[in-house]
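First comes one chain, alone, set out as structure tokens in the form predicted on its own.
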């Protein structure tokens, strides 16, 4: 029986507010390097993680923050890690792409596709110990083009491992459409290896929960792995500060930085033929127009807002929950930053 939507909305909102706080710290220059947020994936993560027990394991990709939070990892410890402090979750050495918690049987990696072997290892251990536990791998659709993930699906199928392979498909390979980078059908790839595939709406947390429930039950009962294919949208693009999204959000500020160099290059004597220059200009304009039509700009593809609209009928309980979570994230942020002061 599916849980009450409010109980799933809470972890989703908590994750969203936490990552929005991370984004502000990154924009303020307090977190260095690239930052890959999982905003837009909350329904997928919540629908699966809500059903995991203490002995279950998670293999995460470079967007692992939401899963770790929902698993119960200390948010201050995660934030301290992102800030690079030695008392962070991984001693300040892992950053946001290499987070792990032995206590929670959770490990992430910035290597695309590495979630497959990790999940297969977790699942093999569970099978050997006869613990009834399952292992879950979370990854993007691009990982399905990595040999080690396909090998892990094959191994899980051959050995009947208790594993879930959760593909979070946002339709983009950084700045290229995924269909231009991937041949064939991902569901058929999995089925070709003997792994049942289920595709569903990754914006609807209850739909995710139902698909994951059947897959987890199947794994626990010794029937082997399942490939869960969830459609989603990364609201911040591939990483924070993605230029195409900046152009869409602040065109007057961002376009001159692109338009002026393009105009100079286009008008400069010598160099490539006019036809080649026109082709390059059309490609840039096509990318901008594609971003203008991108579903990342449509609130209908925001799983947190989608769940919230359903819950508006019970406004008092919704407001109480939101106030409590907002206060919690405020305390987490304050604790992490106050401890950072000399």
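Positions refer to the first chain, counted from 1. Computed from a prediction, not measured in an experiment: that's the story for all the values here.
In what follows, reference is made to the form predicted in complex with a small molecule, a form of this protein that is not presented.
J.: If we define contact as a non-hydrogen atom of the residue within 4.5 angstroms of the partner, is residue 121 a contact of the small molecule in the model of the complex?
T.: Close contact is absent here: in the model of the complex, residue 121 is far from the small molecule, nothing within 4.5 Å, heavy atoms only.
J.: Is residue 143 close enough to touch the small molecule in the model of the complex, meaning at least one heavy atom pair within 4.5 Å?
T.: Yes, residue 143 sits close enough to the small molecule in the model of the complex that at least one of its heavy atoms falls within 4.5 Å.
J.: Classify residue 170 as contacting or not contacting the small molecule in the model of the complex by the rule of any non-hydrogen atom within 4.5 angstroms, answering yes or no.
T.: Residue 170: contacts the small molecule in the model of the complex.
J.: With heavy atoms only and a cut-off of 4.5 Å, decide whether residue 111 touches the small molecule in the model of the complex.
T.: Close contact exists here: in the model of the complex, residue 111 approaches the small molecule to within 4.5 Å, heavy atoms only.
J.: Exactly one residue in 71, 218, 234, 231 has a non-hydrogen atom within 4.5 Å of the small molecule in the model of the complex; which is it?
T.: It is 234 that has a heavy atom within 4.5 Å of the partner.
J.: What is the one choice in 174, 213, 181, 263 with a heavy atom within 4.5 Å of the small molecule in the model of the complex?
T.: For this set of options, the contacting one is 174.
J.: In the model of the complex, which of 268-276, 221-229, 143-151, 196-204 comes within 4.5 Å of the small molecule (heavy atoms)?
T.: Among the listed stretches, the partner-contacting one is 143-151.
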